[in-house]
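One chain is shown next in structure tokens, namely the form predicted alone.
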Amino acid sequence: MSTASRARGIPTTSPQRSHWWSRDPNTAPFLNPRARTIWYAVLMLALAVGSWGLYNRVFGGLATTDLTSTMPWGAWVAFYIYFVGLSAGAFLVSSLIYVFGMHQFERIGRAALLSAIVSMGVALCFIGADLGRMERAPITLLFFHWTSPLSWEVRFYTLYIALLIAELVVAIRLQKRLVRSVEAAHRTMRILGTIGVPLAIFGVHGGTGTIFAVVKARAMWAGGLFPVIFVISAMVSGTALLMAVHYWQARGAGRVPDRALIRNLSTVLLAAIFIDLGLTFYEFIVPLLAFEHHDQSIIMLQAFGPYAWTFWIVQMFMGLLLPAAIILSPLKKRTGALVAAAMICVIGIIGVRFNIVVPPLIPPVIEGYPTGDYFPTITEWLLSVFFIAGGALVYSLVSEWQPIHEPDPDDHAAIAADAGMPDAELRTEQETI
């Protein structure tokens, strides 16, 4: 149920009662038959191909990767922090709705929460694959050390996932009109979201950045700015992901994507990109002007070393500059162009994460030690495909089961009123996409 509709006194409850987990037969399909066949065929193919990487990792261990004692972290850690960022970013977008009352984004509220949950699951799969002894991972919950960021992080992740699930359940119950009091349910979501915002910023993604920032031995990691950069990049990638998910799901279901929603999200994305560009500037200019030898060696590697293409093309061009240029250009009038900018951005942020993890590990920590050299093996690529396809499959199945993308019947009138335009005008605008 739309918060905006509730505020306008529109009836918000239904006499029909059922369990929240049961599927409502009146729920609109997640995809139309043709799109469903194509989508699940692609996912099954990706899972089948990627399962070879899973087999190699389970039975061959880390010997099937290009990881060494010199390069202990690689693509899986980069994907781990990438998906943690997607999760935190998607959740922060949902908080704009449920905490700060920005009802123009309400149509993607449940999708944002589900994206955050699934992304965290995928992130944990990646970091689990990177562990030498995966079966020992739960032990981190049994032992705790006050000065260990990892100890705090494990507990923050647990709280964060529980909070996301609780908030999504309440949101689904609201959508199905299964709550006794709409006011109380909205208050619950606002409380959960209010708790979740600092948890996501300082605990989950800021905390993930802290794990890197406290490693004094690695140049370009140690510093107070690092956790902040993590959070802003999360907002960039999470917002871009939701734009793409909304657009393609609506197209796949045979509905017209909400142009006003995508346009508003693009404004949030542009603001996050500019902040990210500013932080990136200071991330590099400060060590350069301070003539920090170790930091300068990493910057030279990123800019002119063997991974320079990931920095200039993937991170800077695809992740930041090209999406910003599209959103600022006359192309912003075309919904397809805005979604293309978002998808390019989602891919480009992978470059940001890769450049965070790999280049700082290349120079030897102690003079005389070997220089690092790393490029993901076929096993690493295939297992990455398997985890990403698995996450997309879980998201799709939950969306088939529950009204994740179901538009609220009152949303047209409510959003049109919020935007200051008549409902008929909003519909006409959407139909001209």
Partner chain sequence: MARQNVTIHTTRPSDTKPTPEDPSWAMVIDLQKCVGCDSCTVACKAENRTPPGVSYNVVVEEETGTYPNVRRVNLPRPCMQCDVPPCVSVCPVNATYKNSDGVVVIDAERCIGCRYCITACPYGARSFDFGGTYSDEMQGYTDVQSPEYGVQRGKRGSYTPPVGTVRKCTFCTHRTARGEEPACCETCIGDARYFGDLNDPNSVVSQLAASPRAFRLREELGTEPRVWYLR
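Everything numeric here is computed off the predicted structure, so don't read it as measured data. Numbering follows the first chain given and starts at 1.
What follows is about the form predicted together with the partner chain, which we do not show.
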Seminar exercise, completed: in the predicted bound form, the residue from Arg218, Arg259, Lys332, Arg251 with a non-hydrogen atom within 4.5 Å of the partner chain is Arg218
Seminar exercise, completed: the partner chain in the predicted bound form has a heavy atom of only one listed residue within 4.5 Å, and of Leu54, Ala46, Leu62, Val394 that residue is Leu62
Exercise. Applying a 4.5 Å heavy atom distance criterion, does His294 contact the partner chain in the predicted bound form?
Worked result: yes
Exercise. Does Asp276 make contact with the partner chain in the predicted bound form, using a 4.5 Å heavy atom cut-off?
Worked result: no
For this session: Classify Gln302 as contacting or not contacting the partner chain in the predicted bound form by the rule of any non-hydrogen atom within 4.5 angstroms, answering yes or no.
Result: no
Exercise. Would Ser95 sit within 4.5 Å of the partner chain in the predicted bound form, counting heavy atoms only?
Worked result: no
Exercise. Within 4.5 Å of the partner chain in the predicted bound form: all of Thr37, Tyr40 and Gly121, by heavy atom?
Worked result: no
For this session: Using a 4.5 Å heavy atom cut-off, indicate which stretch of 227 to 235, 260 to 268, 169 to 177, 206 to 214 touches the partner chain in the predicted bound form.
Result: 206 to 214
Exercise. Taking the partner chain in the predicted bound form, which residues of 347 to 381 have any heavy atom within 4.5 Å of it?
Worked result: Leu361, Val365, Ile366, Glu367, Gly368, Tyr369
